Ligand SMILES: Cc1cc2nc3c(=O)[nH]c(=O)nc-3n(C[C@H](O)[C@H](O)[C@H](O)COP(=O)(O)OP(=O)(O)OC[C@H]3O[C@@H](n4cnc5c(N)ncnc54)[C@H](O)[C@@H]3O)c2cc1C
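Quick setup: one chain, the form predicted on its own, written in structure tokens, and binding and motion questions come after.
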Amino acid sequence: MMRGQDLIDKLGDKLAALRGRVTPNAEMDKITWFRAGGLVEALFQPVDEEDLAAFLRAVPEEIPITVVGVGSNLLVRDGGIPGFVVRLSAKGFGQIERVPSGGIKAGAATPDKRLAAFALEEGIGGFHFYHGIPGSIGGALIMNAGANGVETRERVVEVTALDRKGNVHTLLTDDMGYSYRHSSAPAGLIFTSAIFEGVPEDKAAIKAAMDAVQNHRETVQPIREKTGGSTFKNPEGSSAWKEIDKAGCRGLMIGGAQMSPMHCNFMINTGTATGYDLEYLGETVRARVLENSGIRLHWEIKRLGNFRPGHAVQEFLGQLL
């Protein structure tokens, strides 16, 4: 990788008009909830959508751009991330408001829990599930985030995005190509905001549903640990945690990484885990589940960046059964 300052110097005047902050050699372990991983060559935090569009027009397409949110379901490899990482700020992309249609417009950096709280304030039902998802709206749109039997695709009606050239696009729900924990929206789009619709509901009923979500999380999930949330998607006809448990991986440790004894589909950094420890643990679990039940678990956590030389991790540890 090019060193961060070299990358910034190479672009020179192209970045001069930007109002956002550009940071060379930014530490991704300060951003991710795992508190692990390498550097990114340069981190850009745009002030608003116009500033983001100017950045996208300024950076040549051969330089990679990666977008991150709050870092809750993100594993960064120790070799770091080439090019730029864009992180949308709550100040510039965390707005939330009612729209004339009666729905809710939320910026991509809005925490999922804030959307749930706003819906409660407005007496709009159907958003309680977001109260238990530790991420932001941008991530929810990308991965069709869901919990408690509800998914993002059931609430979103319109998404605003920028393409790699800084052009604005509007996508309807059908354009997002949603399936379980997945969107097949055109690659390279950066989601900046979305409009959601719910249903009128009594505030007491909404609050009770949100309290039930919170109680469930506190009871069965290691929410106070350095974790990335659910590690693997649920396989068809089963639950990831059940298959992990049956394969004997509850509490399994590699280095400073551990499959939580409390909820074994949650991977945690016990304090000293590297990106390598975390990914090697995940692939060890996948290999053991594959050997035990024939099920190929798929990562729900997004993994980014390069391996450190000599520390690559093969899928299923190379066991292509």
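Numbers follow the displayed sequence, beginning with 1. If you're wondering where the values come from, they're calculated on a predicted model, not measured in any experiment.
What comes next is about the form predicted in complex with this ligand, which is not displayed.
In the predicted bound form, every residue of the candidate spot (69, 108 and 138) has a heavy atom lying within 4.5 Å of this ligand. Mapping the unseen interface onto this chain, residue 183 falls outside it, with no heavy atom inside 4.5 Å of this ligand in the predicted bound form. Residue 94 falls outside the set of residues with a heavy atom inside 4.5 Å of this ligand in the predicted bound form. Taking non-hydrogen atoms only, residue 33 approaches this ligand to within 4.5 angstroms in the predicted bound form. Among heavy atoms of residue 194, none comes within 4.5 Å of this ligand in the predicted bound form.
Between 244-252, 116-124, 184-192, 199-207, the stretch whose residues reach within 4.5 angstroms of this ligand in the predicted bound form through a non-hydrogen atom is 184-192.
Proximity to this ligand in the predicted bound form, defined as a heavy atom within 4.5 Å, singles out one entry of 145, 156, 81, 240, which is 145.
Put simply, of 214, 173, 221, 234 only one has a heavy atom within 4.5 Å of this ligand in the predicted bound form, and it is 221. Residues of 253-274 placing a heavy atom within 4.5 Å of this ligand in the predicted bound form: 266 alone.
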